[in-house]
Ligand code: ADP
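Presented below, as structure tokens, is a lone chain in the form predicted alone.
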Amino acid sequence: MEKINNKKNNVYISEEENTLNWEEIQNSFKKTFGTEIFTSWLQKISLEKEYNDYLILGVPTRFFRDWIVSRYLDKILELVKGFKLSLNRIEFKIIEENKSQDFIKINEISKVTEIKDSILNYNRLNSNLNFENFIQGKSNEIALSHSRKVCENSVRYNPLYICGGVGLGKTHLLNAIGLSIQNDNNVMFISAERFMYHFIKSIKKNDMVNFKDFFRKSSVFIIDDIQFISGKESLQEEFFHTFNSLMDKGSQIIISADRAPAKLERVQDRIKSRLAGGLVVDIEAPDLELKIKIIKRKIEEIQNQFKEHITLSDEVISYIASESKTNIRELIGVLNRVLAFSRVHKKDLTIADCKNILKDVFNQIRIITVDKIQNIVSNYFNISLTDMLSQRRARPLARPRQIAMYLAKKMTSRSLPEIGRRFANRDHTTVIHAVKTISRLSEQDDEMKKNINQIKSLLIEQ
């Protein structure tokens, strides 16, 4: 029977002497983390070696290891210690399943390229996010139309740049494009965050040649949330050259972001110029008609999937749609909350019921951005946005400018330097001065206090 003394207290326990029942521990993982997380991540963990005070666990790839360590390791160690108190750490071993594969491989099923030992597509192409279940309305019909045209190879613009706020359907459209053309193209679909992950990983491994080859060989390159490269100079440099290489070889590029190219902060001008050089289409917030269509479609999906009968009156649906003012994700979340209440209490809901159920949701402050503050302040004082952001110091312009800076500091999470940059690249000390000035005036001047409160109300309501 084998025993290996690596350290004074770390005695290897042979398989015959293992004190831990790994199947029992896995059951505790499933109970604690839930079926979805367990099936996706923790089920693949194996017990490789057991020592007196630590374990070596096997995982299939480095990405699995990094993901588990960053999100679940503390809780895993806590659960395992419940079975063996002497344990104080966990180490991971990468179990190579396909050692003969090269750095690059092609998934023959989906034809979406993958990097070895990694789940490249953090938001992997989802068969449910297709054109057929994308609900069209006035706010998104232009973006939808041009997304379809990209798939038909009937366009003369490159890149296609889709912008809009959070939860309005940008990722859905990008995913639908990928699904539609993947059978005839080498499709790369990745988020800007994952692009950065592989970039950093390749630098650390001194493997930039493979990184460049890998990302520049696709015939269709789809990248989501490009605003993520903001302020990351080395990443922007690599993206710039990747973009140019793909354009030179005639690859189609599709990009999404939460704002137009010109409004991307701390992004190189040459990148913004290239992003704006194709076609920029905007997805706006859904109108009442589209929100009602989305609610009705979602109800149909739930009924078909779970064989559940749902009764919501047109009045209740209209109320939910009219009161939900941010994005489609919030709208679906509100609907789920209403339906859950209806199931528990087994009753048809009235508008009064919904008001009570959703009072904490609909009374919360809406998402407020620096752009929104600037627009509302300039409209409130009947001056142009260009004048308010200019270098002119006349009182009719300077005071509204200071109010906008004050509100940006009080009502957003932006830092002082970030706010300064949004006001024509002013220094952060200018913002500090504006905040102090308006704070003092709002305490001493009733008119100023009234103006501030009215503008705040406009920001919350719109």
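Note that this is a predicted model, so its numbers are computed, not measured. For every residue, the number given is its place in the sequence shown, counted from 1. In this text, rigid core is short for the largest set of C-alphas that superpose within 1.5 Å between two forms.
Only in words, not in the display: the form predicted together with the ligand, which the text now covers.
Chemist: Can you pick the one in Ser324, Ser147, Thr171, Ser191 that has a heavy atom within 4.5 Å of the ligand in the predicted complex?
Modeler: Looking at the other structure, the residue within range turns out to be Thr171.
Chemist: Give me the residue from Val280, Ile357, Ile135, Met247 that has a heavy atom within 4.5 Å of the ligand in the predicted complex.
Modeler: Comparing distances to the ligand in the predicted complex, the residue within 4.5 Å is Ile135.
Chemist: Is there a heavy atom of Ile328 no more than 4.5 Å from a heavy atom of the ligand in the predicted complex?
Modeler: Within the cut-off, so yes.
Chemist: State yes or no: in the predicted complex, is some non-hydrogen atom of Ile294 no more than 4.5 angstroms from a non-hydrogen atom of the ligand?
Modeler: Yes, Ile294 lies within 4.5 Å of the ligand in the predicted complex.
Chemist: Can you tell me whether Val166 touches the ligand? I mean in the predicted complex, with a 4.5 angstroms heavy atom cut-off.
Modeler: Although the ligand is absent here, Val166 would touch it in the predicted complex, with heavy atoms inside 4.5 Å.
Chemist: I'd like to check something about Leu129: if you look in the predicted complex, is any of its heavy atoms closer than or equal to 4.5 Å to a heavy atom of the ligand?
Modeler: Although the ligand is absent here, Leu129 would touch it in the predicted complex, with heavy atoms inside 4.5 Å.
Chemist: Using a 4.5 Å heavy atom cut-off, which stretch among 200-208, 306-314, 329-337, 388-396 contacts the ligand in the predicted complex?
Modeler: This holds for exactly one stretch, 329-337.
Chemist: Align on the rigid core first; then say whether the Cα of Ser313 has moved by at least 2 Å between the shown form and the other one.
Modeler: No; that C-alpha moves by less than 2 Å between the shown form and the other one.
Chemist: Could you tell me whether the Cα atom of Ser234 shifts by at least 2 Å between the shown form and the other one after core superposition?
Modeler: False for Ser234: its C-alpha shift is below 2 Å.
Chemist: Any chance the CA of Ser322 moves 2 angstroms or more between the shown form and the other one, core superposed?
Modeler: Shift at Ser322: below 2 Å after core fit.
Chemist: Taking the shown form as reference, are the C-alpha positions of Ala192 and Asp74 brought closer or pushed farther apart in the predicted complex, with a change of 3 Å or more?
Modeler: They are closer; the C-alpha distance drops by 3 Å or more in the predicted complex.
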